[in-house]
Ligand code: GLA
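Next up: just one chain, as structure tokens, the form predicted alone.
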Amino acid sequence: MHDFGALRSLHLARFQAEPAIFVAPGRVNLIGEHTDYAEGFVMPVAIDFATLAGISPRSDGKIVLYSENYGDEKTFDAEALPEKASKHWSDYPLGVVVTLAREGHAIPGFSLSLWGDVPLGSGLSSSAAVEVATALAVTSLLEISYPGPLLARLCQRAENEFVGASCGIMDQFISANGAEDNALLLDCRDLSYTLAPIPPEVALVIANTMVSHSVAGGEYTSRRAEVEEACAVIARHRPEVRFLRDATVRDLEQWGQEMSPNALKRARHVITENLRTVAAAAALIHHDLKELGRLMAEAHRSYSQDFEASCLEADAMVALAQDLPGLIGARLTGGGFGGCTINLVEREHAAEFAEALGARYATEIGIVPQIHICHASGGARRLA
């Protein structure tokens, strides 16, 4: 939903005030899953699904949050913000406001309207889009500005510390810093990044399995704990290893027997996924699409078998794409346990690919999927 005028009219009708309007995109990750909190590498793309945020000041000291998607409004006292989340949609924008307050900013009253088309629970990072759009809107009202990487860190803190989801930095970073027609190889250790151009003849086809997930749920948290368990074992032998970013497959061969079987598998995924992600960026930069497709296939196998973060429906969606004309590579994207697959497809075949994949999935699984042909978008910004 990129209808600036529709959000403006909605906000005016509801709050009788002219809003400033901001947009923050969702994202799809081409490769590099569950590597970000191990200070590794990821390669996301900002996409043309986004959240719009409209904001206007209030004089009554209240913070009023309205979501058009949920058809719901919540009101808070700007001088008595909640200390913890309530497991409500408002936790995401409110967490940004609370984090800004903890940074020492005096938070005034305001009205905030949110409206977006990032599918919820799909792995396309609807939560980060809400957080980044909210952060841009509120900091504008405060007349302060955070550089993109710092804005992403602030939004990550909101999700980690207030919402209670142990996400890494990737989702917020790409939403705040995305570049049109490019993927972004991000080093999650120092937040340096390299742009990897997506050739104009390649389309991003995102296939929603219609199986939703929540990153605040137990599966995501348990996987992260297993990654940290494996790292701790290696660090006993190599103290310089603070994160699995610093570990090698050789470390697993030497000390894997000291880990639980699950921790060993999770670590193998993270360590090899880091190598694949750097190699995939090089393949994209050098226009070696065959190698990129091979790496995506290997990444999906690792995500499904070693990290065990796929599901029957996602595995089926990837398998059903394999012999369709135009496919370059396919894999499950996002936090896992459902959500979307990302398919790189020759643009001339994208429409027929999407139609055929949808029909196959509906026949095989009995669920009609949502399939979208997307392009790489720019990052978050104020709309004129």
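For every residue, the number given is its place in the sequence shown, counted from 1. Quantities reported herein were computed from a predicted structural model and do not represent experimental measurements.
Keep in mind that the form predicted in complex with the named molecule is not shown, yet the notes after this line are about it.
Proximity to the named molecule in the model of the complex, defined as a heavy atom within 4.5 Å, singles out one entry of L252, I198, V227, C167, which is C167. Of the candidates G54, G334, P44, G40, G334 is the one whose heavy atoms come within 4.5 Å of the named molecule in the model of the complex; the others do not. Stretch 31-39 is the answer when you ask which of 31-39, 44-52, 314-322, 59-67 has residues with heavy atoms within 4.5 Å of the named molecule in the model of the complex. Heavy atoms of W89 never reach within 4.5 Å of the named molecule in the model of the complex, leaving it off the interface. Although the partner is absent here, F76 lies well away from the named molecule in the model of the complex, with no heavy atom inside 4.5 Å. When contacts are judged by a 4.5 Å heavy atom cut-off, F243 does not count as touching the named molecule in the model of the complex. The closest non-hydrogen atom of Y220 lies within 4.5 Å of the named molecule in the model of the complex.
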